[in-house]
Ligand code: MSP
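A single chain, nothing else alongside it, follows as structure tokens in the form predicted on its own.
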């Protein structure tokens, strides 16, 4: 049986439409999942929408609809965006689904039965946008530190999760599993939160009814975060299919933004320990996608819809930019000018031009039939090195490094053409060797780049005369030198990536 690989994105709030920040996380998750499928692993890729909580109630009120109508409309917009961006999810979960309510009830009931949830009263400062409580020391000039908006005073009787009991168990877990949180700076941040001491946290509400009811006290609903986090367990059968859950859970990898680190790296592992379940295998944290130096938010009016950019750059050009130009872990600042420069340099000039030149010369010198690569080509060791570096980077979810390694091979192939100038030579073995090597590079690049650009790489594959698709291949065999058989018709076609001009 193939090795399981389970990858999750955060689930996205349905109070507003999808923007390029949501898309960035989802495209990274999609590309990493596609890479692991190339390795022959049994992949399960989960995304979805978070549909409960006060923020959704208020968004619905502002739009004159019920909370469920708000959820239905906006969840459909996320589905539409992910279809447009060629997202290959295996499951799209909505927290309003009955299966999720059952899983939430089962996991929180287990924590309650283990004695780690108790009734108490609470009064504090609450940010509706975060769906989170803060203390005065957390605020910045009296405002929420994330959204820079006023907080509200809330007071009610809630059920509390006794998080304070899990300080040492969490420290012990992260000590014995040092790679659980990546990058190391974010692991240290989580450890700092835990070492500073943990307060018990309110996990239910009576002030709203839009949520999953508490099974032992239906007058309460679970506070949205302690409903939402359980989605990762819901999708693989927690509480209903023990065998399925036990197969997938040890292979789980969460991909999250740094603004939700506390919930995923402190609260969620503690909840799982309290329920008798191991914490996640890995939590990969990335930075913000900024626009003009600021985090995207509805209040800042700096959100950009993915469709606005796909119109100009195409789906694969869009995907490539965010995977190549935003190093995972750090904040990335989006600009249209930077996206245009990357598109023209890497896609139009390097990859697109390599295909166009090779196909043109094959037509003129080889009658349109591609020759096989030479086994002793100087590009063979370059291809081997590019694969090693790309594979290592994809394993770390370092998509920018993986694509840089792949494009190193593209650049070397272009340089090899320039050095040998086959367009000037007479047809014969020397020309065949140069062109065969270039075609083999294009074949390997089509496989290695397919997680980032599935559509464009499938078209590249077709133009090389190959059957099937590059994402149907299996690594590492498909990256081995000599896979292009020769004797196939090479189709130049139009520009794979037409060069774009500044507006």
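Keep in mind that this is a model prediction, so the values were computed, not measured. Numbering follows the first chain given and starts at 1.
Here the subject shifts to the form predicted together with the named molecule, a form of this protein not shown in this document.
Annotation: in the predicted bound form, residues 122, 133 and 223 none come within 4.5 Å of the named molecule through any heavy atom. Proximity to the named molecule in the predicted bound form, taken as a non-hydrogen atom within 4.5 angstroms, holds for one residue of 259, 200, 432, 325, which is 259. For the residues 116, 205, 264, 321, the 4.5 Å heavy atom test against the named molecule in the predicted bound form is passed only by 264. With the partner omitted here, the stretch from 189-197, 135-143, 416-424, 250-258 that lies within 4.5 Å of the named molecule by heavy atoms in the predicted bound form is 250-258. In the predicted bound form, residue 232 approaches the named molecule with a heavy atom inside 4.5 Å. Contact check for residue 154: no non-hydrogen atom falls within 4.5 Å of the named molecule in the predicted bound form. Under a 4.5 angstroms non-hydrogen atom cutoff, the named molecule in the predicted bound form has residue 12 among its neighbouring residues. Mapping the unseen interface onto this chain, residue 50 counts among the residues with a heavy atom inside 4.5 Å of the named molecule in the predicted bound form.
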